[in-house]
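Shown here is one chain on its own, the form predicted alone, set out as structure tokens.
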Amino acid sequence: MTLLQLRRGALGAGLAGTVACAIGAIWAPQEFFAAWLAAYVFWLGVPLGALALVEVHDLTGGRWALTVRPGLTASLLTLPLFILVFIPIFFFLPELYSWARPDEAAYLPNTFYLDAPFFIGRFAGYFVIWLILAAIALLRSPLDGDGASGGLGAVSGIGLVLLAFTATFAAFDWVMSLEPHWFSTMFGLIVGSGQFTTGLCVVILVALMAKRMPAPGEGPPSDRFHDLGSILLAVLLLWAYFEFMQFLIIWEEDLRDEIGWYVKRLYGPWGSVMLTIVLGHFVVPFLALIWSPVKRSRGALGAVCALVLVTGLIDVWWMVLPEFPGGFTWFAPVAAMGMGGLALALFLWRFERGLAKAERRIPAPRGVRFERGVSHG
């Protein structure tokens, strides 16, 4: 399957899913917006995860970035899409957030923060910062053959702090405030590390499937994918640490105002979902990635990334959907398909253009050319 065919398929799936959700929202607006919000939080990890990876590389260096550089660039260029797809939520805030309903907000102590105009203003502020950071990342000097960062460590250090700060408060605003009486200082770190994982898995999968000429100094493919697998293992360990520490602290304190959030998610069907997340998003990938041959194999590493992406989406559903009476409905997978299809189509369009530029920039040896096909399996 070529990139063009994949892009057309993604666009078709995205439009079909979005139209189906829009029609269904007429009869069940709350179920639609809950699913749309979950899909949004998950897929936003593509550009935000890419931005974090660029900032981290500028601080640490390494040849691994040469392998995923086209994917990182394409991911960053999808960021404006996520401004547009959030706009419908602004007009239906009471469907999602109890603090946006005057009769319920009257009993909240923090209405100065949980306020619709301030909520929209913070959203705008987050994206202004993210767009500026993305523009800096896109306009900076290209990597040299050794994967050097071009002396941007100080700038990227500030950018990484800003990204962590804004992503944390965005998670507070969009997800944690669904339950306005509950609070956890680690919640933003959990959501942010999950989004980082999403962005990393997407660029790894694209690098695995896209056939292209190696850039100068990039090194053997097995070494490059081994490095990327090691980074994925470290990010999964970080996510698991945040998740476990939040659970441990709240469960040990056993306070009525805090444990209610977990009670909704540990019993009944959602308890089985949590077990699926633990196994698929950490245990199985961890056991696979500590084995070096898995990280050097395209097929094995791709399977791990696909598993992490699927369970990452399930994890977002687990965080968002129990807050609503309808819980999991058909809107959840269809919204994820709709928004993900649109994001993937835009991503692939930018990625293909990036490959074309690279083909013109790097002279291939005689008899060798770039292949923009995608192999599966």
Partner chain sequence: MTLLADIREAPPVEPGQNLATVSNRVSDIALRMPTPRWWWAGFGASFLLFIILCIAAGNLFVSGIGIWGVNIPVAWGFALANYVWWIGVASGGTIISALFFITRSEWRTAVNRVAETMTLFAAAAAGLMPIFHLGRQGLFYWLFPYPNVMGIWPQFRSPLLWDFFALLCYIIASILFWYIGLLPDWAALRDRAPTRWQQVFYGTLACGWTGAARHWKRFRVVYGIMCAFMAPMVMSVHSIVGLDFAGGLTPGWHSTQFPPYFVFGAVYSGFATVLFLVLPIRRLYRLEAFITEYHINALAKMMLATGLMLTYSYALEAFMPYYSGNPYDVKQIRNDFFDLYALQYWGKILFNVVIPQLLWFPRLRLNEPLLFLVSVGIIFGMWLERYVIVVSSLYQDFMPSAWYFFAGSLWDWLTLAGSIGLFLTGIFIFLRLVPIIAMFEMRELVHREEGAG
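Numbering follows the first chain given and starts at 1. Here the structure is a predicted model, which is why all the values come from computation and not from measurement.
Below, we turn to the form predicted together with the partner chain, even though it does not appear here.
Problem set entry | Non-hydrogen atom within 4.5 angstroms of the partner chain in the model of the complex for each of 109, 176 and 249 | Yes, because 109, 176 and 249 each have a heavy atom that approaches the partner chain to within 4.5 Å in the model of the complex.
Of the options 120, 307, 186, 83, which one has a non-hydrogen atom that comes within 4.5 Å of the partner chain in the model of the complex? Flagged contact: 186.
Name the residue from 139, 124, 263, 255 that puts a heavy atom within 4.5 Å of the partner chain in the model of the complex. Here the answer is residue option 255.
*Heavy atoms, 4.5 Å, the partner chain in the model of the complex: which of 177-185, 299-307, 128-136, 194-202 makes the cut? Say which one.*
Stretch 177-185 is the one.
Residue-level contact is defined here as any heavy atom of the residue lying within 4.5 Å of the partner chain in the model of the complex; does residue 165 satisfy this criterion? Result yes; residue 165 sits at the interface with the partner chain in the model of the complex.
Is it the case that residue 92, even though its partner is missing from this view, gets within 4.5 Å of the partner chain in the model of the complex, heavy atoms only? Judged by the heavy-atom cut-off of 4.5 Å, residue 92 is well away from the partner chain in the model of the complex.
*Non-hydrogen atom contact residue 63 with the partner chain in the model of the complex at 4.5 angstroms*: Although the partner chain is absent here, residue 63 would touch it in the model of the complex, with heavy atoms inside 4.5 Å.
Can you check whether residue 242 is within 4.5 Å of the partner chain in the model of the complex, heavy atom basis? Yes, residue 242 sits close enough to the partner chain in the model of the complex that at least one of its heavy atoms falls within 4.5 Å.
Exercise. Using a 4.5 Å cut-off on heavy atoms, what residues in 46-70 are near the partner chain in the model of the complex?
Worked result: If the 4.5 Å heavy-atom criterion is applied to the partner chain in the model of the complex, 46-70 yields 58, 59, 63.
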